[in-house]
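Given next, in structure tokens, is a single chain: the form predicted alone.
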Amino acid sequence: MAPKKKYKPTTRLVHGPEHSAKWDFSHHVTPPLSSSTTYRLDSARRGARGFTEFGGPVSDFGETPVYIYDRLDEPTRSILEGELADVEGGECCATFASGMAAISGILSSILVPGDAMVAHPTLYGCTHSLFTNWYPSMGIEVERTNLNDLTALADAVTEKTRVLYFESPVNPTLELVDIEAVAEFCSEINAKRPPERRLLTVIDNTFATPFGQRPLEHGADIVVHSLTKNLGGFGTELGGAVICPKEFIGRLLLYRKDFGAILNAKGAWAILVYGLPTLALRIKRQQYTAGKVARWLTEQAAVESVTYPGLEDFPQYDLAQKQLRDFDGDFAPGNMIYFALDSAQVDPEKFVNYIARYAYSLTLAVSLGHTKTLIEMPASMTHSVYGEEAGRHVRLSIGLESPGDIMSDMADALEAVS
């Protein structure tokens, strides 16, 4: 058989590993679903071996792992983790019951009371809530600083700082953080630190997905994902993932075992069988439509501003061209649009309410990366924890519908409420 490295990531996502010690992968065209919470042990010695070996990375080659109990490890989830690590270019992956569980898992396995972290000012609302409402009570200090301002970042980082945390693109503004610049900043800091206290970069890559951006290639240390979004793709499964170096996987898996937020096997199977193989196909179609919709929005008098990385007037267009690249090296601006309405011409809430009631091709719902186009108002919904009750901005997650239908439904809404 030809070596696996010959094939592009798009092909590998469709076919999975050529061989796996986790099951007889060579004879299953579709990976089988493991559905057992506990596993038969041939002897007490075998059971002891399983507990002894727990916490290390599981390879597709070599001897079949000893499976003991679903919360520790099981085949379907383990296959998915191998695929996610591979497509991000990382060493190891651990999956979780949700994206927030993944974020909590990796940070809680690194940080201890007395540590500090620096986070970008704008983040997903629940991440902001975690850092604002919970970490201070745990003795973990969270400083909020623009990670694109390296001077301000240098002032914010202290000897206690262990993690720089950010999203790129940022939810919901689509601002980009220069991953390479932040990684180089960390390298300068780490040259003066012992290895066990080095400063780590943790990036949420949910918006771009590994199809459109692979942060490890730009120097990031750890990547987190909400599998619920584009990687799952169909809005049917909750999940999260952490892609990290081998040195972190043991403690991370131990935390997951004790914390209990595992991804269930049925959810892992759906993401493995439906989500990953269709990722490239879905994102290419969605960003094609997003480009058309974004340009159409710029032409509407009632639309005050449009933010989309694929537009030439995107404030960080050069950085977008550098970071947002798909598996073939083509520009991959993604499927998310963020726009503001002119409140003097259109009441944003009435606009969204009209769409919720009358539009067929758009759905008022939170989340993103769905086959359906989803629309929401971040200030009063996903990011309401920031304290704003209303806003002019609208977030669009473009689905697989015809771009003409999406634009037609929005045109009807603009006309009806103007």
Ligand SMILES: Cc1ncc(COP(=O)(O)O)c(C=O)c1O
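So that there is no doubt, residue numbering starts at 1 and follows the sequence shown. This structure is a prediction, so every number in the text was calculated from the model and none was measured.
The form predicted together with the named molecule is left out here; the points below concern that form.
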- Message: With the distance limit set at 4.5 angstroms and only heavy atoms considered, check whether 12, 281 and 327 all reach the named molecule in the predicted complex.
- Response: no
- Using 4.5 Å between non-hydrogen atoms, is residue 207 touching the named molecule in the predicted complex? yes
- Please run the contact check for residue 167 against the named molecule in the predicted complex: heavy atoms, 4.5 angstroms, yes or no? yes
- Is there a heavy atom of residue 107 lying 4.5 Å or less from a heavy atom of the named molecule in the predicted complex? no
- Message: So in the predicted complex, is the named molecule close enough to residue 214 to count as touching (4.5 Å, heavy atoms)?
- Response: no
- Task: Have a look at 286, 228, 76, 95 for me and say which one sits with a heavy atom within 4.5 Å of the named molecule in the predicted complex.
- Result: 228
- Item | Single option in 185, 339, 124, 269 placed near the named molecule in the predicted complex, where near means a heavy atom within 4.5 Å | 124
- Message: If contact means a heavy atom within 4.5 Å, which one of 243-251, 220-228, 297-305, 82-90 is the stretch that engages the named molecule in the predicted complex?
- Response: 220-228
- in the predicted complex: members of 91-107 within 4.5 Å of the named molecule, any heavy atom: 98, 99, 100, 103
